[in-house]
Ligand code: AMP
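Before any questions on binding or motion, here is one chain by itself as C-alpha cells, the form predicted on its own.
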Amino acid sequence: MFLFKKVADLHHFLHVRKKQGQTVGFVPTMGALHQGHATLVRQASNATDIAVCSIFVNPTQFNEATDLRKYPRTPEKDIALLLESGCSVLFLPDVPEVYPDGQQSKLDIDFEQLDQPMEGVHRPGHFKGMAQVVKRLLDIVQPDQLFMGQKDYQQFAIVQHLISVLHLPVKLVMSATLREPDGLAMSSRNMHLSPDQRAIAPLVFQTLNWAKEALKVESPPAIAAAAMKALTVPGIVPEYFEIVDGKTLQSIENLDEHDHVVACTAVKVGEVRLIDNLEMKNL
C-alpha cells in the first residue's frame, strides 16, 4: 500500500497509472475505521484496479469545535485495517493540503431541500461542509467509482445529487450498512459507548425493523410517532424518526404513493449520537 500526504504526489502516482489504462475506486473517510469501511475498500479493490482510501477529519462539517477535537483518531489501527482490506493507496493529507491558503472551495449548488430535514435540522451546516470536502476530494483523486455506505443515507442522497448537478464523471456506489451481530450499525462512534449504553443501542435497529412490519397496517405518520415513543427509554433520547421518500427525503403520508421509502432515525445514547436507516419499500 502506498501512502501519500501531498496532493501533487498523489496526482503524479495516479496520472501515470491512469495513462496505463488502470481504473480508480475511491473511499473517503474520516478515520477511526471499522469493518464497514473495510467492506467499502474491498468493494473498491474488486471493482477497480486501484483502491484509494482517504483519511481526513474535515473541520468544515463539524458544528462544534469540541466535537472536532473529540473525534477519534486511530491512524495505526486504520493503516493495519487498510492493509488487510486490499487498499492500494492511502491519502492522508493535513488541512492546508486539502484547503490550501485557507481556501475552502465554496459550492454554489441548490440541494433542492435534501439538506433541510433530519440531519439538516440537528446539524445545521453539516452537509454544506460534507459536500464541500467530497467535491474537493473528488477533484484531487478523480476516481472512476466512489464508494459510500448506506448508514449515512441522507449524505449519500446529497452526494448523488451533487454528482448529477455538476455532471461529475464518477459512478456512485452504495454499500449496505454493515452491522454487529445484534443489529447495531457499525460506526466510529460506537467505541465511545459504555457497556450499559452498548447493551441498549440495538433498540435503534429493532425499532426500524418493527416499523417496516407495522407499515403494512398503519400510516407512516402514525408509525413514526410510535417509533419515537418506543425509542424514548432510559439512556436513549431520540432526535427524529422519519419515514421519507427515498429520492426527495421528504416525509410521506401514504406508502402506496411512493416507489422508494426509507425510515431514518437519530438518537443520543448518553453523549454518543447514533444514526441509522432501513429501506421500507423499493420498487
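So that there is no doubt, residue numbering starts at 1 and follows the sequence shown. Owing to the predicted nature of the structure, the values given are computational and were not obtained by experimental measurement.
Here the subject shifts to the form predicted in complex with the ligand, a form of this protein not shown in this document.
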- Location of the ligand contact in the predicted bound form, chosen stretch of 111-119, 136-144, 72-80, 171-179 [non-hydrogen atom, 4.5 Å]: 171-179
- Message: I'd like to know if M30 sits close to the ligand in the predicted bound form, meaning any non-hydrogen atom pair within 4.5 angstroms.
- Response: yes
- Task: Find out whether any non-hydrogen atom of G36 is located within 4.5 angstroms of the ligand in the predicted bound form, and reply yes or no.
- Result: yes
- Query: Taking heavy atoms only, is L249 within 4.5 angstroms of the ligand in the predicted bound form?
  - Reply: no
- Proximity of L40 to the ligand in the predicted bound form, heavy atoms at 4.5 Å: yes
- Even though the ligand is not shown here, does it sit in the predicted bound form so that I200, V204 and E239 each have a heavy atom within 4.5 Å? no
- Message: Can you work out which of V89, L208, M186, L162 has a heavy atom no more than 4.5 Å from the ligand in the predicted bound form?
- Response: M186
- Item | in the predicted bound form, the one of M148, V98, A131, L193 near the ligand [non-hydrogen atom within 4.5 angstroms] | M148
